[in-house]
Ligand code: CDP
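One chain comes next, on its own, written out as structure tokens in the form predicted on its own.
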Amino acid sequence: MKADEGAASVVVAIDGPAASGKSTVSRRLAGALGYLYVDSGALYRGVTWAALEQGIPGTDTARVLSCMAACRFAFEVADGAVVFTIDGFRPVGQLRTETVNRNVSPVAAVPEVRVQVVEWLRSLVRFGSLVMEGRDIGTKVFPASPFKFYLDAAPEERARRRHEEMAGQVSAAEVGESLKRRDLIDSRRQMDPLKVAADARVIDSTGMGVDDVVQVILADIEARRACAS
């Protein structure tokens, strides 16, 4: 399936907890659909990284907000994705350091940060149709999207995946505990907590390959389009 030229922008919302396979699946799905990929979590990490660069910890809410207001976030398309720069610099690997990992949860829980990030994310439809992954895409950012999916996996499967991604930087036990803490923070967050949208298709990717998950989503999108036509 490919995006229709001239059609109104469509958003496919992919939500789920950390290490559920959202990023890999979403990138591949975007390629199959001819849409652009958007990692919403990267923006929260970008705000966190910018603050840390100025010596501001993620728990210092007032200074984090001042830093975010002073930074210039700009968006562009590169390699099939919508990406961003901060004051002209595009952070990539910098967003995935252990220091950012430790600080991003308190930053992402700040209501003013969430309001700004949601505004940025909604503006990205100007670039075209999107596959956007995160934790509140179907519930908050694009609740009217007809294509909502929630990816999950068994806790041990998620811990294994994240441990492999981190290439031995920390132990498997530490990764598992970190994911448990992140799940608790995300699900209990006062504003826009992680939850399944009422009309989302839930996919347990435990034991499934990336292509298998992508095919399930593509088939679901085709079926929903057929019902709507």
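Heads up: residue numbers just count along the shown sequence, starting at 1. These figures come from a predicted structure and were not determined experimentally.
Only in words, not in the display: the form predicted in complex with this ligand, which the text now covers.
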Is there a non-hydrogen atom of residue 108 within 4.5 angstroms of a non-hydrogen atom of this ligand in the predicted complex?
yes
Counting only non-hydrogen atoms and a 4.5 angstroms cut-off, does residue 96 reach this ligand in the predicted complex?
yes
Given that the partner is absent here, does residue 125 sit within 4.5 Å of this ligand in the predicted complex, heavy atoms only?
no
Even though the partner isn't displayed, in the predicted complex is residue 27 close enough to this ligand, meaning a heavy atom within 4.5 Å?
no
Thinking of this ligand in the predicted complex, which stretch from 145-153, 70-78, 83-91, 132-140 has heavy atoms inside 4.5 Å of it?
132-140
Could you spot which one of 214, 221, 10, 18 gets a heavy atom to within 4.5 Å of this ligand in the predicted complex?
18
Within 4.5 Å of this ligand in the predicted complex, counting any non-hydrogen atom, which residues from 188-208 show up?
189
